[in-house]
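Just one chain follows, in the form predicted alone, and it is written as structure tokens.
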Amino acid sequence: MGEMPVVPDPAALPWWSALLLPVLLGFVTWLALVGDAAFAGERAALAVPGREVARLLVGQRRRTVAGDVVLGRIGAGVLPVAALLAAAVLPLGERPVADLSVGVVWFNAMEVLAWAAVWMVGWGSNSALGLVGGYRFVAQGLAYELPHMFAIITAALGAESLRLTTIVDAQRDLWFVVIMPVAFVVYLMSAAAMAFWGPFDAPVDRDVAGGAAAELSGVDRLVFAGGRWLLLVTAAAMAVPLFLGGGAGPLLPAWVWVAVKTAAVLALLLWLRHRFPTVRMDRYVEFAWVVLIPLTIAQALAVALVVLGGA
């Protein structure tokens, strides 16, 4: 057996950085909204986020007959909270807010909360369309979650650690995207599916009048939509430490490289939304189980053999 990888001492940011994390994540989400408006061809893209937030803040909350208001609002509130908690292990430069030894598991556990959140919103509305949207997301989760888990575990396997900072350190010589291209592509697809974004927006698609969000309006819709955007930004940012070398790069500080790489991944996901139609859920489930899962398992096995060979 070769030497075990050196596990660095906990190197988290100061405690007060946890207070700044929501502000930072909100700012990046705001920029992503502007970028999405620009991709959509809006003339005043900079003003679109502010206008939409103001419209929802003054809008009246919709009530449905016999709806479970508490369940629906808890579900909508879980989305932004889960995104913020998932972002706590993201290295913002060289260090995260929380340098957990099980950072990859923590991230995955927080994003799985989105399953329950979207379903609770759909069920709580006591609406057929909302319920269909909620169950669509559960079906979508069954399709994307396993490939997603294999993709992020492959990165952890390559670094022989579940700690995000150790995974970044393991890419000093070669980014994982080079040796794990399948895992990287699958991760991006599952990130979009996790945020029911782009081709994977069937849970809130127009063919079911907005699905899980069909009966949301006013502040409730703002919280739900904000949580969805925060999930998308967090998932895009997580691709950087997992596959793109974290803050590694010439000349510029690490946090700048993290920002640049996150912006590039986000731009790709925003572009996908405007270039590809919504994928039918049954076809995506079949594709995931027949193609994506075997591919990610094969990728993980190949990485495992390389790791064992170098041990």
Partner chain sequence: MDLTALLLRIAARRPHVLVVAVPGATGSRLALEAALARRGWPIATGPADADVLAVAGTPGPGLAAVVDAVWEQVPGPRARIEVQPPADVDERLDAASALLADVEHQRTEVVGGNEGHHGGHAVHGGHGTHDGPAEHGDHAGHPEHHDHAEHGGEAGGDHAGHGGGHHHGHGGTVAGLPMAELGPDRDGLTLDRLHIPLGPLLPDWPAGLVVRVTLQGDVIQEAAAEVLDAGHAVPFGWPSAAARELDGLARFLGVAGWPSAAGEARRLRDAFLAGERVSAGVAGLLRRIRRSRTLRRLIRGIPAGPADVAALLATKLAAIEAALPVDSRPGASPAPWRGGRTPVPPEPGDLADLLVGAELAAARLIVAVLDPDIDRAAAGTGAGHG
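Note that this is a predicted model, so its numbers are computed, not measured. Residue numbers count along the first chain shown, from 1.
Although it is not shown, the form predicted in complex with its partner chain is what the next lines describe.
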| item | value |
| --- | --- |
| Heavy atom of Phe27 within 4.5 Å of its partner chain in the model of the complex | no |
| Its partner chain contact at Ala66 in the model of the complex, heavy atom, 4.5 Å | yes |
| Interface membership of Leu268, its partner chain in the model of the complex, 4.5 Å heavy atom rule | no |
| Its partner chain contact at Val178 in the model of the complex, heavy atom, 4.5 Å | no |
| Stretch in contact, per heavy atom within 4.5 angstroms of its partner chain in the model of the complex, of 123-131, 237-245, 86-94, 185-193 | 123-131 |
| Partner-contacting position among Ala263, Ala38, Ala254, Val48 - heavy atom within 4.5 Å of its partner chain in the model of the complex | Val48 |
| Leu232, Val208, Ala156, Ala82 - the one with a heavy atom within 4.5 Å of its partner chain in the model of the complex | Val208 |
| Contact set, 52-71 vs its partner chain in the model of the complex - heavy atom within 4.5 angstroms | Glu52, Ala54, Arg55, Leu57, Val58, Gly59, Gln60, Arg61, Arg62, Arg63, Thr64, Val65, Ala66 |
